[in-house]
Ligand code: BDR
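We begin with a single chain expressed as structure tokens, specifically the form predicted on its own.
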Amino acid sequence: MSAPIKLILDLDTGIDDALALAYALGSPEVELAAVVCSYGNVTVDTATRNTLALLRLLGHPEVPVYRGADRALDAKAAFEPPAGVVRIHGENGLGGQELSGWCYAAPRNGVDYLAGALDAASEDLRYVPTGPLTNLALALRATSADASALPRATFMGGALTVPGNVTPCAEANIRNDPEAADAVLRSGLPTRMIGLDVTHQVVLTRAETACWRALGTPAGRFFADMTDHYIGIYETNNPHMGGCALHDPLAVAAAIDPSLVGCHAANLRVDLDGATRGRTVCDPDRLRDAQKNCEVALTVDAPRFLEGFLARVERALA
């Protein structure tokens, strides 16, 4: 039997991060080594509390949780989610569904942990950030490792061939810290971008959440109610989609099984100024370089992903 895949998640734990966490815990080939928390859908403190509470709900309180950065690299104050993000994820980031365990804190330093994990990284490590890339940018500064020799990081963020979701050019995770994303993409680190190009192709409906509720478990009811809140936002903002996009779970899935997505090799940069701030775009200075550091997902086997997603999440919720 092969050794399990060692997975580190980096979550700004709102609703789709919670779904990604359940997907990872329901994946039999995965050992979830740790969760590092970030800001984005919520503050970093709320993300940390949400992650700890969800791990307890899902029966895995043993998974270490670390508190990461509380703001973008160039920010002068800690991040507070804007009103539009609060409406999408709810005041608590989980669609208003309450969980016990909120008072339990995780004081450990996420950037220090991540830098150490990168220094000691082996080929079986899969690191998946689903929020801003601030923690990764800070860890790359702190590590002694050659970034180009590290295992590939699969991140949820960006948009190459489709419009952004917070501006016409920018996707939310990249827009929350363009400087961090640009530093990561220029560092030489092998990356895989799971952006809006593919995440808008995988959609969850109320029919599937009803199946979770029918499990009759506390986790099944919680996740069904939480995700129905998220679907309701999509029904208002993006009614043509017919459900909610599975942004963060697809990033975890592609890290575990890269064959789920078809990728274009590229060297990317992030625009840092003007109306296109936060745009992920091919870097003209490295366009002809033989070495391409990023795999940009442009196609996805949506039926196979959705079948696996539903089976794995149900396993975690049951």
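Numbers for residues come from their place in the sequence shown, where the first is 1. Computed from a prediction, not measured in an experiment: that's the story for all the values here.
What follows is about the form predicted together with the ligand, which we do not show.
Partner-facing stretch of 25-33, 246-254, 65-73, 47-55, counted where any non-hydrogen atom is within 4.5 angstroms of the ligand in the model of the complex | Contact criterion met by 246-254 only.
Although the ligand is absent from this view, report whether L189 comes within 4.5 Å of it in the model of the complex, heavy atoms only.
-> No - in the model of the complex, heavy atoms of L189 and the ligand never come within 4.5 Å of each other.
Just to confirm, L196 within 4.5 Å of the ligand in the model of the complex by heavy atoms?
-> Close contact exists here: in the model of the complex, L196 approaches the ligand to within 4.5 Å, heavy atoms only.
In the model of the complex, L133 touching the ligand (heavy atom, 4.5 Å) | No, no contact at 4.5 Å.
Close approach of A181 to the ligand in the model of the complex, 4.5 Å, heavy atom = The answer is no: A181 has no heavy atom within 4.5 Å of the ligand.
Check, residue by residue, if D177, V270 and T280 all come within 4.5 Å of the ligand in the model of the complex, counting heavy atoms only.
-> No residue of the spot touches the ligand in the model of the complex.
Listed by sequence position, which residues of 2-23 have a non-hydrogen atom within 4.5 angstroms of the ligand in the model of the complex?
-> The stretch touches the partner through D12, D16, D17.
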